[in-house]
Each structure stands twice: as C-alpha cells, then as structure tokens.
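Here's a solo chain for you in structure tokens, the form predicted alone.
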C-alpha cells in the first residue's frame, strides 16, 4: 500500500538510476513522496538498490529517466544546492589511524557548507559543534584524533558532523553497523528527537533490534523497485522486511 504524502520534501517520479558504464539501471521506475519530519526505514535484500536510492535523493548519481525534487529543488539541475540541505552518513567509512584531525575539527567540517565565501567559523559554529558532540554523547572525545577512535565512536562523530549542519533531511546508510545494542538504542533516540524537530530521517538498515518504540515508515526495495511502502511500529519493521527478502529469494 502506497503512503500518500502531501507537500513532500522528497518527490521522486518514475526515476531510473544507473552507475556510469552499467548496462542496466539499479533503481527502476521508483516513485516516492516523503514529507517533513517522517522517519523512514529503507530495507530489502542485498543488492536491492538501497544505497543507490539514497545517492539518487542526494544528487550523487544522475537520473537516466524521471524527475527528482528535494527540498523544492530539481536534483538534476541543482544537486549542489540540494546537498547543502541534506546530511548524509555513508556506509563503512573508516578514518586512517594517522588522520591529522581531531573529533571537533571533523564535526566542524559539517558547518563549512553554511559559511559564506572565505568566512571562518565563528562562536556560533563552535557552539553548534559543542551541542552536536553533547547530543551524541561524545563531548569527552572532542580533542581526540579521529583515527584513534573505535568504529562505533567514528560512526557517532559522522552523525554529529551531519547534524551540525541543521539539515532538512538526514540520510543514513547502515548507521548501526559498528554499534553495540546499547549504542543503537541511544542513536535511535537521537534520531527520534531529530524527527520531532522537523527533520526528515531516512535510514537504510539491516539491523532492526535497536529501533525505538516509534511509528515509522518502511520502504522496501527488491531488484531496484519499491515493493513495499507503509507505516508500522518499529517492532514490526523486521518482519515486514524479512517477508520481502523471502519473496525475493524464492522469486
């Protein structure tokens, strides 16, 4: 059943997306309307196109057909402007142990797109960094070299880097991949607070044991096509996605 969304912040109409040199599209005829302040979980089997969907929303991959509007902007024509309004935490990112930046410096980089030409970060920007570090419970790591942190700590830093931008949309690709169950619960509650503030959160995940007790929207993909789009309680997300995976396996 399709979820009907009026006045969407994301509006995809029959989009097809393919990587350069590919002989077939990854995303096929996908139409999706997502409103302000929605909490969306994107699931489906491996290779279904979940990451590609996020990259299409963020204007990182060109559309071969269809139309995508994000925050009122045509993604194909104004991708750079779209990315100023969207926070994106990619999957499986790891810093080299010798990376010469502190946690505070990495989070501050999230503010650079908001600064005017040749302007330096001011007290407001540093205050936003401190707030984001506190929000993620990592204020004690501010002066630590980013490369010396654990994978889970680095994951929290990257989420803080996206949140410090005050994005209208937050995209997260497998944000639980390096986190233990306690940390998943913590991050889930951060994301709920983010949604309640009006930000739209779209999260690709195969781990559903840390989701909060909250009404979410589940969008499931199979072979690049949207095959499920409905609201459900977080406790029911896993069964919905597993059903899609089972159908894909036996198709």
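Worth saying up front: this structure is predicted, and the values here are computed from it rather than measured. Numbering follows the first chain given and starts at 1.
Although not depicted, the form predicted in complex with a small molecule is the subject of the following passage.
- Contact annotation: residue 68 falls outside 4.5 Å of the small molecule in the predicted bound form, judged by heavy atom distances.
- Mapping the unseen interface onto this chain, residue 91 counts among the residues with a heavy atom inside 4.5 Å of the small molecule in the predicted bound form.
- In the predicted bound form, residue 33 stays away from the small molecule, with no heavy atom inside 4.5 Å.
- In the predicted bound form, none of the heavy atoms of residue 183 sits within 4.5 Å of a heavy atom of the small molecule.
- With the partner omitted here, the residue from 48, 211, 199, 226 that has a non-hydrogen atom within 4.5 angstroms of the small molecule in the predicted bound form is 48.
- Stretch-level contact check against the small molecule in the predicted bound form with heavy atoms at 4.5 Å: of 33-41, 51-59, 212-220, 187-195, the positive one is 51-59.
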